[in-house]
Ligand SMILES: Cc1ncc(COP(=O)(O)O)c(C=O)c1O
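Single chain ahead, by itself, as structure tokens, in the form predicted alone.
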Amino acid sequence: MYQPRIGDPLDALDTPSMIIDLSLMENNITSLMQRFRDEGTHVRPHLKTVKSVELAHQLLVAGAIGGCVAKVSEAEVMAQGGIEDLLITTEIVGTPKLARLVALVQKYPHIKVVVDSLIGAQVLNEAMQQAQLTINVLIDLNVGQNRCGVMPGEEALTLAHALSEMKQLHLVGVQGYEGHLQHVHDQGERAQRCRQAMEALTTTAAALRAAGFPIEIVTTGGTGTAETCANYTGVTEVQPGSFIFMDTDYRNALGPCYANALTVLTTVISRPTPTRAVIDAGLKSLSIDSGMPEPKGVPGVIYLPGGDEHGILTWEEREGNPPLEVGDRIEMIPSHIDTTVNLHDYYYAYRDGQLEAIWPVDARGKVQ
């Protein structure tokens, strides 16, 4: 059975394989951390992108103060891997999930969660009370995404007063994620709308403090908006995730501020016509929820899914057609990093054409 080893040439990898250009990834990390170090804003990267304990540790070494995760199951993996200062950014509802959270907090008391409803807070408080635990919570605000979150202002204040009566819950901050702005292409529009969201977030944080609540954390921002957020007085930390690898969706919105460090290595398995080639990577290897992945280094070639295991590359017939032959290898740049990473078991990290590391995608499939 084939087992790739450190030191193998990249050409020895079977395909499809998810590969990382270490030089590009390291530059992405250094660039982002330096930007926010200059701004004096903490970075709490969202680990739902990497789903890797090893990469989470690398981000901490680079300057991150902890991590975000989307689900309790992701928090379990990261905490067991030594990443204990975690914020779970999605509301936790349901008896099974609360039981898992209680077990997690018993071992890792620095876990923080968000709440956006009285009912959700009450059942969380009851679960913690039964276990004789306390937990730090943030109020989740709707700053325009219209997904989860209470409205800024009075709704948030009302929830905060209710939380003050729940002895197991300690209110420490607010979260407001402007996910609807991450991929706005016009830089001026993106910044202007982001500032509106930050005004709602920081004004509410100030109102909560004025009412006597100890709001220490004001957390927000993704890869597309984090710099604008960090420039806004009152924001204490940002949550970018995709910057480490990037994808075509973010690149098309932001430009070349971060490099596409992650690709999926594929093989041409068929060349049926002069304008069509087929690769061994379909829907099980490349997500298409944010558009089609992009063949690297072959301009004018378009990818279309050909089913679970096949991808179809097409182009217009012209002089100088792409020299793609059966057996050739081609890298595909994902359109959406997070959902593509969740399709793979391992990262194959390389430098100068040789494998330098193989890391498991530890939290793959952790959606509970």
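Here the structure is a predicted model, which is why all the values come from computation and not from measurement. Each residue number is its position in the shown sequence, starting from 1.
A second form of this protein, the form predicted in complex with the named molecule, is not displayed here; the remarks below concern that form.
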| task | Determine which one of 298 to 306, 339 to 347, 45 to 53, 23 to 31 lies within 4.5 Å of the named molecule in the predicted complex, judging by heavy atom distances; exactly one does. | result | 45 to 53
| in the predicted complex, does each residue in the set R147, T223 and Y250 place a non-hydrogen atom within 4.5 angstroms of the named molecule? | yes
| From the list G241, G173, P152, G282, which entry has a heavy atom within 4.5 Å of the named molecule in the predicted complex? | G241
| Among the candidate residues S290, N142, T89, T202, which is the single one with a non-hydrogen atom no more than 4.5 Å from the named molecule in the predicted complex? | T89
| query | Do F245 and the named molecule come within 4.5 Å of each other in the predicted complex, heavy atoms counted? | reply | no
| said: Could you pull out the residues of 14 to 28 that have any heavy atom within 4.5 Å of the named molecule in the predicted complex? | reply: none
